[in-house]
Each structure stands twice: as structure tokens, then as C-alpha cells.
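Single chain ahead, written as C-alpha cells, the form predicted alone.
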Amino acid sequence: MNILEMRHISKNFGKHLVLNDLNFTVPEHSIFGLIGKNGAGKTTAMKMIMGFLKPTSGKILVCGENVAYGNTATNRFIGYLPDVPEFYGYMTAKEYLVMCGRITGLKKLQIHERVQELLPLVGLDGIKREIHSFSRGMKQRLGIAQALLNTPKLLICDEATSALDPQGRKEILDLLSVAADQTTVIFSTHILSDVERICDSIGLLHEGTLALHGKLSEVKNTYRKEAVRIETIDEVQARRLFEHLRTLSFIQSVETSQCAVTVQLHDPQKNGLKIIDLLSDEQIPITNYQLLEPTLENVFLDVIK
């Protein structure tokens, strides 16, 4: 089942075309990474999914129901975590979640059960300090608990890790991975390593269009460039290796940086053996020889260049 369907969505602000013919789906219990440069239209797309902006053309479906601008009935399916969630700082985490449960119309027993479930999940169980004393990471974790309070079918996270330190980012990514067992996640970010860590599929927005869309593994394989990285014992040996490799016909490109040489080549399984023979014949000592896997950063740069 597709939790989200974007059908030929376009959005203009006056004469400025922000999004042009977005057309993709997000299946249930997946983590979908929406990526792109700042200003690519990620936040605009998410605001339309929540009915806060009206598409110029096209249709959006959440759980099979049409999203109507200003009539946010489909938001009963959605939890939302902004990049900077706001709280009442004088409350504790438990008090805040109880208040949110009451506002959203949950029954008293439901609120109690969800709060008892979510506070341990986000690592805030037993913390009685007021929210104003929380770190940025603790606030983001509380934001996830609030977004999950209503047991949403779709959790939308807008740059949820962008201002966190590495430990805080790890905590949020781990929580989103766990949350995907219960819901579907749209994760908007410009931190590509975070996307690689948790996302099943991606959509790359570039200049208002969906430049790339699909399962992450398939996308990376499509843009695979066969390459190896060879680390030598010093820069002198790296330069020697570079000079030898640049003369070989099966080498597409070769670059050197300090003690390492990176080579793009045809058929690395076969021609890699020739490189190993070269290393032996020329007695060039190495510390590492690695077949490079494609990264999302490589794919991103190839698409937007």
C-alpha cells in the first residue's frame, strides 16, 4: 500500500515555478529521503502534503484520501517534526505530551498508554526537568515523541538532524529507524550520509523537478563508477604509482591526494590484477587496496552538475 502519492504536482509562486510535475509514491513502512540543495523545494512539497499550501496543479493522496488545502482531514494520518520544534519550556516532557494528547482528542487511557510507551522509546523516561533545560538533541527526541503520539501512518521530518552534533544525529536516526516499524517516514535533509544510513528510497529535487527517484541501492548502482583506491606508504610512492597508471589504456582517470591514488577503470576485477602486478613489478609498497562503492554524494554531484 502507498501511504503517499504525489501525482503531477506543480507549484508556482507568482511567475516563479518552484516545483514542476512531481510524480512519485512512498510505500508503507518505508523511509523515504527527500534530498536537494537549499531552496530546491523540499519544504514546499511537505507543506503541500500537510495541506498548508495549495498545489498549482496535480493531486496529493495520503492513505488513499485526497489532501485538500485548508481542510486538513488527512492530517489525522500525519505526524510532523520540524527542524526546530517549539515547546512550553516550563513543562516537563510528560506534562507536554499529556497536553498534546488532550488537544488532539485522545482519551485519558490512550494518553497514559502512549506516554508510557513513547518516553522510554525516546530516552526521556523518568526525566522530570523542565523542557527549557533540555539540550537540542533532547528537544528533538521529545519532538519525535509528540509527532508519534497520535500513532500516525506518516511521519514527516524536516531537517530533523541538521543542527545536531554527531551523537545527537545518531540518536535521532536510530529513533527514526525504530519508528519505521510502526509508521512510514519522509526524511527531508541535505545531510546525505544520514540518508544513506536509514533510507530505503530517495527523491532528489533539483531546480524544481524530481531529478532522481527510486530505491537507494538501485540508484547508487545506476550511477556506479568502477574505481579503486590505493594507499601507499608515503607521497613519493603515490606519485610514482600515479605516473605509471596514467599511461595504461584501461585507466579512465587517475587522481592522487597525499599518500593515496584513486583510479577509475574498466573491469576492476580483471584490470585490478594488472594493477597488482604493476605494484609488484615496480616494488611500490601499499597499505590498502580498496574497491570503491558508489556513495550518495557521488550520485548527487553527478545529477546536479
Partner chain sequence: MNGFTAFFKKELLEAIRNYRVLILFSVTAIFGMMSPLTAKMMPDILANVGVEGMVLKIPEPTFIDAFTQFFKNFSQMGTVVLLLVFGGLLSQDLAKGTLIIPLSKGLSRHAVILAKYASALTLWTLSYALATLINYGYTLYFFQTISVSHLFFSLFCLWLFGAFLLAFLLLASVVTRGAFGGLLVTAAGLGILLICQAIFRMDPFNPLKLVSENVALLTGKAAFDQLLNTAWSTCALILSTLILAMMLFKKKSI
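Positions refer to the first chain, counted from 1. Rigid core here is just the name for the largest C-alpha set that superposes within 1.5 Å across the two forms. All values reported here derive from a predicted model rather than from experimental measurement.
Not on display, but discussed next: the form predicted together with its partner chain.
- Of the listed positions (Leu205, Ala160, Val185, Ile78), a single one reaches within 4.5 angstroms of its partner chain by any non-hydrogen atom in the model of the complex, namely Ile78.
- Taking a 4.5 Å heavy atom cutoff to its partner chain in the model of the complex, the contact residue among Ser177, Thr209, Asn150, Gln110 is Asn150.
- Across the options 164 to 172, 142 to 150, 197 to 205, 212 to 220, residues that bring heavy atoms within 4.5 Å of its partner chain in the model of the complex belong to 142 to 150.
- Interface residue remark: Gly123 is not counted as part of the site for its partner chain in the model of the complex, having no heavy atom within 4.5 Å.
- At least one heavy atom of Pro85 is located within 4.5 Å of its partner chain in the model of the complex.
- The shortest heavy atom separation between Lys47 and its partner chain in the model of the complex is within 4.5 Å.
- Proximity of Ile103 to its partner chain in the model of the complex falls within the 4.5 Å heavy atom cutoff.
- Contact annotation for 90 to 104: residues with any non-hydrogen atom within 4.5 angstroms of its partner chain in the model of the complex are Tyr90, Met91, Glu95, Tyr96, Met99, Cys100, Arg102, Ile103, Thr104, listed in sequence order.
- For Glu159, the Cα coordinates differ by under 2 angstroms between this form and the one not shown after the core has been superposed.
- Relative to the superposed core, Ala180 shifts its CA atom by less than 2 Å between this form and the one not shown.
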